[in-house]
Every structure is written in C-alpha cells, then in structure tokens.
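Take a look at this one chain, the form predicted alone, written out in structure tokens.
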Amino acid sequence: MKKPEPRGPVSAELIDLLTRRPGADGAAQTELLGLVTETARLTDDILTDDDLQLALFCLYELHYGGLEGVDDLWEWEPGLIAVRRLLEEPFEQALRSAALVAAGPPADGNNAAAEGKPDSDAVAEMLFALAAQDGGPSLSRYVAKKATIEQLSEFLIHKSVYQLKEADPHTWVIPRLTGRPKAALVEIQADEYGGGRQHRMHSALFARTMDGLGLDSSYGSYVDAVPAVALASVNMMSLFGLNRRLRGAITGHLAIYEMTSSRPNHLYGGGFRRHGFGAEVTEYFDEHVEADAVHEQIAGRDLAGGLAEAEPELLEDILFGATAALAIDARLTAHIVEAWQDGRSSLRTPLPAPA
C-alpha cells in the first residue's frame, strides 16, 4: 500500500526512516526508540492516539504486503522490532483493560471452565453469552434503516482497512495450533479465501462492493481517512496473530467475530438494498449471512473450545481476545453512530468524490 500521511512526531519519524536504507542509520533508530518511549508514556489513551496507532499499523504492514517504496529488509530490522514492542506493551495493556470492562462481572456456572477444566461445549456457551451482550448503539440497525448513501460509503471506508485483507491476521495462527483447533481454523479460512476461487475470496467480494459505490478498492487507499480507533481494531488482530503467546487471543477474536457476524450482515445488506443497490454490491454481506451461521459453530466449539480443551491455560486469553474484539468494535461503532446522529462525517478527512 502507499505510505500514509503522518499523524504526529512518531509516525512522521518512522515513515521518514522507512525511506532510508535498512541498517544505515542506527542513530535515527535510537532516536525513534526514545521518542516512542516518551510519547507512549504521555498519551492519554493509546487506543485513540492517531500518531501511535498509525505508527503501529505501518510496522505491522511490513509483515503483510509492505509499504510502497520501502525496502523489504525493514521487516525484521532489530531496531524496528524494538520500536514495535515498545508500542505493543501499552497497547496490549489498554486492550486488557477494555476487555475487563466489556466482560463485566463473572457469570455464574461453568465451574469446570473456571477451574481450568473446560470442555468445548462450555467454552462455546461462554462465547455465545458474550456475543449476546448489548454493546451499545447498533451500527447494523442504523445502516439498515437510516444511513444515507454518503454514510454507506463512510461505512465501507471504515471497514476497508481490514476487509480488503480479510482473514490474513487470523491465518498467522494456523502453524501455532495442532489437531482439532487447527483443522477447524483451516476449514474456516478456506471459506474466507473463496475455496480456492479468487473471485470468491471475501476480500474480493468486498472490493466489488466498494467498486459499486464508486470507491477506490485498492488496499490501504483510505487509511488516511479513518480514525485511530479503526486502526486499533486492525492492529489488535495483528498483535494477537503475530505473537505466538497470544494464540489464544486471536482464536477468541475469530470466534466472536464469526458469532456476531451473520445477523449484522443481513441488516447491512438490507441497508444497501434500501438504496437500490443490487446483488453485485450486496453479495459480500449476503455471503456472510450464510457462511458465518456455519462458521460460528465451528469457531466456538471446534476452534476455541478445542483449543481450550487441548491447552486449558489459554482459556483466559481466548476470552480476552473475544471481549477485546467486542470492546473495540463498540468504541468504533459509537464513534461512527454519534457522528452520523450529529450530522457530521465519521471520517478524519472529507469523503472523497466518487470515481
């Protein structure tokens, strides 16, 4: 993707550094480390800090498709890995705090799970209970009943930061699992990638939805337009997926993602049909209504539940990944819906003119 515009001193220094030859300027890397340490210490909320979230997003992007004009050798440059770790530590702490609030008081029952002896059905029930919680304003209902065409475009722009590379962060965990949970994850991911058919990949379906509204469907085109909390949502997946110790968290994230997808996508599709858009635009949402109704059972019982049975010590992180996903989604939804209700754009920059 193209290099985004900096949002503060950390992202500006990082993006400038990435234009240079890897390993050539140790002093600049040391200076960046110091800047990150100080900025992370002073930020009020790293989850909504535009500068730090963009910097972390760029660092993670080196492990995906890379950044235009940036040498691939930067991916494993030790200085940048150190910078990433400095950002990941407070970011993970903030996610854990947000997850605790989202989880609420411990539910009664399921003593076997609480004692570290979970079975897959019990874990699935815990996740379904989390998925059923009311997380505040509903973006899907707003899109279905009220959203204007301009707001539908904003909605797609927010989602595009992840949806145009849908499934990739979760794929990192495949080689870190074994047995039943690994087989379950591969089954889910095979569907996400279109069952071997390029045009059926979910990222490709979403690109066609964007095309139908005259938006730029190339990956990363709208990174500059989305707020920090939208970047935090994607960065959370990369944090969980790229760190083996957090394999429980990325598993829980995917499970809750599948469990909370089918009904909202039905409403999203209805919102686009309300404005006269046809199957070429709604196919992405219609596909998820059917696919995720199946995936939620596989993800809850065989993937998350199977992992908890195989490695009981990971149950806490499985629930952390699920509740963190709900918490960040609720914050992003609140940001978008509140802006729309106030008659404002939910984007950082004005909506680009349709192509």
Partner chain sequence: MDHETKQPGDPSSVVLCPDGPILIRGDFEIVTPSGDPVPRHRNTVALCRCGASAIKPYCDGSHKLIKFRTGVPSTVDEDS
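Residue numbers count along the first chain shown, from 1. Every value quoted in this text rests on a predicted model; they were computed, and no experiment measured them.
The following text describes the form predicted together with the partner chain, which does not appear among the structures shown.
Only one segment in the set 38-46, 321-329, 283-291, 53-61 has any non-hydrogen atom within 4.5 angstroms of the partner chain in the predicted complex, and it is 283-291. Heavy atoms of Ile298 reach within 4.5 Å of the partner chain in the predicted complex, making it an interface residue. Remark: Gln189 does not count among the residues lining the partner chain in the predicted complex, judged by a heavy atom distance of 4.5 Å or less. At a distance threshold of 4.5 angstroms between non-hydrogen atoms, Phe128 is in contact with the partner chain in the predicted complex. In the predicted complex, Lys165 stays away from the partner chain, with no heavy atom inside 4.5 Å.
Every residue of the trio Arg197, Arg200 and Arg263 has some heavy atom no more than 4.5 Å from the partner chain in the predicted complex.
Here is the short version: of Asp72, Asp121, Glu89, Glu150, the single residue with a heavy atom within 4.5 Å of the partner chain in the predicted complex is Asp121. Proximity to the partner chain in the predicted complex, taken as a non-hydrogen atom within 4.5 angstroms, holds for one residue of Leu177, Leu246, Ala225, Met259, which is Met259.
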